[in-house]
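First, one chain by itself: the form predicted on its own, in structure tokens.
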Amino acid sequence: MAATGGSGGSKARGTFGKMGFILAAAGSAVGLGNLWKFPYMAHRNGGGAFVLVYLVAVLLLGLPIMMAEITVGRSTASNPVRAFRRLGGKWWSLVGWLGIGTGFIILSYYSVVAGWTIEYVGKCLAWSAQGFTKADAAKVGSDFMAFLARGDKQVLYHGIFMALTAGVIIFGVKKGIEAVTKVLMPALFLILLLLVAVAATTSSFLPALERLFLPGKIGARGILEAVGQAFFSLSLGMGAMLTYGSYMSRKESVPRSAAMVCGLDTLVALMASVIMFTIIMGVPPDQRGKFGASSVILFTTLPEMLYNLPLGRILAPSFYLLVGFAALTSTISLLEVLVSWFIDDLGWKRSFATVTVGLATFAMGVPSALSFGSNEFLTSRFAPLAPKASGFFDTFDYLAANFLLPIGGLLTAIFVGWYLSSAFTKKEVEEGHGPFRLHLLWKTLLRFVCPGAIAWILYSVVFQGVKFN
């Protein structure tokens, strides 16, 4: 079906500069999944074999859906709800509502985890000043668990992180999101380069590179996890790329911009893997089992490992600053998805919309902040999805990661692949790019490959008990 788009990138809503979209979108994609989950899964699933499957999945799944979201956003210059409504009508607007709801849920608990970085930047500065002793190493795990059980601290840091996020959003697209990501993203890469440079001085660096880039054995489960990581790592299925696309200039190329975002996201994951593999390969094989999939490992196992590296006193606080930067660029995009609807559809001023939505998201996140031991009901007795998940935080994390995001991505692929006419999508992707000879391939991937891959993810969750959170 043919569709009529709006005038993309209106001045009233704000427009990203030449590199603004790429840095902001890359910041949205880069998060805790890049810094820990990707390295863990790659190490567990054949190293280079996992990386190879992941790269193929990014090309065949992640990049096409990212282009689809950006195209829908830029063609309408609208938030997710209005964008789908303009192009597809009332019923398709439900996909936009799904994205907004998913973003609200994820931001409410993601900012809780992000708040942990505030505590650990402070801890590492203290350890670096006083020295990281064997006594510190012996109790780092128990100290973290005690920190989780401190409901007051959890709520405080959750609130601080939400305030930082809202403080960026309130200044708008150009002076807020773009200005901050232009600082945070280069800083993030500089810290990564520092960590890689130090890793290169250790004896475990070359074994780490061999493990990461030489293919090993990988099974069907590993292939599935690589495909899932390629989708979940890119902030797809929740309207973030669509919203950022709505601020993208029509002079910029959608295919090139999407490819650069995917490339930067993958580069961060590979650089983080070099660092993590170097740390993992530097400990005896019988101790490597303590490196688990949960991001909790970032705060229990890694401090000691970081302080055992050369320049550990500099690296440890730098690493947690890196994690904080990555988390902040992600929370910024999530809040903007929500705020954009209140600005576009209700006509609210950005400042009022940001404060209102920020407070609502903070309130939604308080139960998650209290579900790590400070409140028995929220920690263990709240279990509507048992045995798949228990506790308030785990329940909503499981729901969002395993159902809401894949369904959002699936419906977006179907919408752009099947519902929007080829004439419309070809015109949109060629504006700012020139002739796009891969248009037919892109549409074919959206029609068949992307839905098939996401259906596989959903099937594995429903019928095989696989968890992607």
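Bear in mind that the values here come from a model prediction, so they are computed numbers and not experimental data. So that there is no doubt, residue numbering starts at 1 and follows the sequence shown.
Keep in mind that the form predicted together with a small molecule is not shown, yet the notes after this line are about it.
Engineer: Among the candidate residues G417, P406, G33, P64, which is the single one with a non-hydrogen atom no more than 4.5 Å from the small molecule in the model of the complex?
Structural biologist: Selected residue: G33.
Engineer: Which pick from L87, L322, L195, L236 sits with a heavy atom within 4.5 Å of the small molecule in the model of the complex?
Structural biologist: In short, L236.
Engineer: Quick check: do I106, Y110 and A240 each get a heavy atom within 4.5 Å of the small molecule in the model of the complex?
Structural biologist: Answer is yes for this spot.
Engineer: I'd like to check something about S330: if you look in the model of the complex, is any of its heavy atoms closer than or equal to 4.5 Å to a heavy atom of the small molecule?
Structural biologist: S330: contacts the small molecule in the model of the complex.
Engineer: Could you tell me if S28 has a non-hydrogen atom within 4.5 Å of the small molecule in the model of the complex?
Structural biologist: Taking the distances in the model of the complex, the answer for S28 is yes, it comes within 4.5 Å of the small molecule.
Engineer: Even though the small molecule is not shown here, does F277 get within 4.5 Å of it in the model of the complex, heavy atoms only?
Structural biologist: No, F277 is distant from the partner.
Engineer: Is F232 close to the small molecule in the model of the complex, meaning a heavy atom pair under 4.5 Å apart or at it?
Structural biologist: Output for F232 is yes: heavy atoms within 4.5 Å of the small molecule.
Engineer: Counting only non-hydrogen atoms, which stretch in 200 to 208, 182 to 190, 331 to 339, 77 to 85 is within 4.5 Å of the small molecule in the model of the complex?
Structural biologist: Every other range fails; the passing one is 331 to 339.
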